[in-house]
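We begin with a single chain expressed as structure tokens, specifically the form predicted alone.
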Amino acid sequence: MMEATRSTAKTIDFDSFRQMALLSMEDICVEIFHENQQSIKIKKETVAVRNLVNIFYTTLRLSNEKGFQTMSLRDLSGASGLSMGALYSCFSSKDELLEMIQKQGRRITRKVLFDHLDQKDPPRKKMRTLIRVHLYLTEVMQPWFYFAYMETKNLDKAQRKRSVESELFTEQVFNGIQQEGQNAGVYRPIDSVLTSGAVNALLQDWYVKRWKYSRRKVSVEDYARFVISFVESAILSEAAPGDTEK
């Protein structure tokens, strides 16, 4: 679905990320089709993927306008141009559709983050890379992330638990890098759990309140530089070496 190559010579920029991360809704829906062939009644892949792309785009648009719980399958049918029968040939209920969207979003996030993190890099570079890549991914997939964030409160208990675990996963990665930096003397010995939560909140603000930054003409690269500078001003130790990033 997605191919990524690490750029270790210089800082990755958003355009390079977008070109390396060959992500499309079609790629996502091909994966979903193969994972759910037993429940998807359409057997021809091209037709099923075309319908899934239409369904997902329309679901994200309607949900971000009026909320997933408010959206009915008849709303989805009318907006997508697909019959109710065509919808039910791809999923059996709104809950199943929601699970498809949430599950794939979690998988994409994990894959992209780990594809771009080089475990041999020093902790400061890992932290910067993780912040940038997370922001770039949410910029590419803003409607998806906004949907996941806004709909968490409407999930059932099992789905909510998976959503919370996904958010904690990202914080745990930040926490691990910060602890590594503390052990190396690069970061100050402050509470890494609270710091990781604060970093995650800064990242979420980008896609939840995208309109605010768009109005201020702040690019995703501008915001990434700000978050990195802000975080480092809080956690870097006085003994940390100077800025060597290209």
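We number the residues from 1 along the sequence you see. These numbers were taken from a predicted model, which means no experiment stands behind them.
Below, we turn to the form predicted together with the DNA, even though it does not appear here.
Work out which of the listed stretches, 70-78, 112-120, 98-106, 132-140, brings a heavy atom within 4.5 angstroms of the DNA in the model of the complex. It is 70-78 that comes within 4.5 Å of the partner.
In the model of the complex, does each residue in the set K43, N51 and Y88 place a non-hydrogen atom within 4.5 angstroms of the DNA? Every residue of the spot touches the DNA in the model of the complex.
Note which of L202, V30, V208, V47 lies within 4.5 Å of the DNA in the model of the complex, where distance is taken over heavy atoms; exactly one does. Spelling it out, the residue with a heavy atom inside the cut-off is V47.
Identify, from the list M127, L82, V173, A148, the residue with a heavy atom within 4.5 Å of the DNA in the model of the complex. It is L82.
Might K94 be said to contact the DNA in the model of the complex, defining contact as any heavy atom within 4.5 Å? Judged by the heavy-atom cut-off of 4.5 Å, K94 is in contact with the DNA in the model of the complex.
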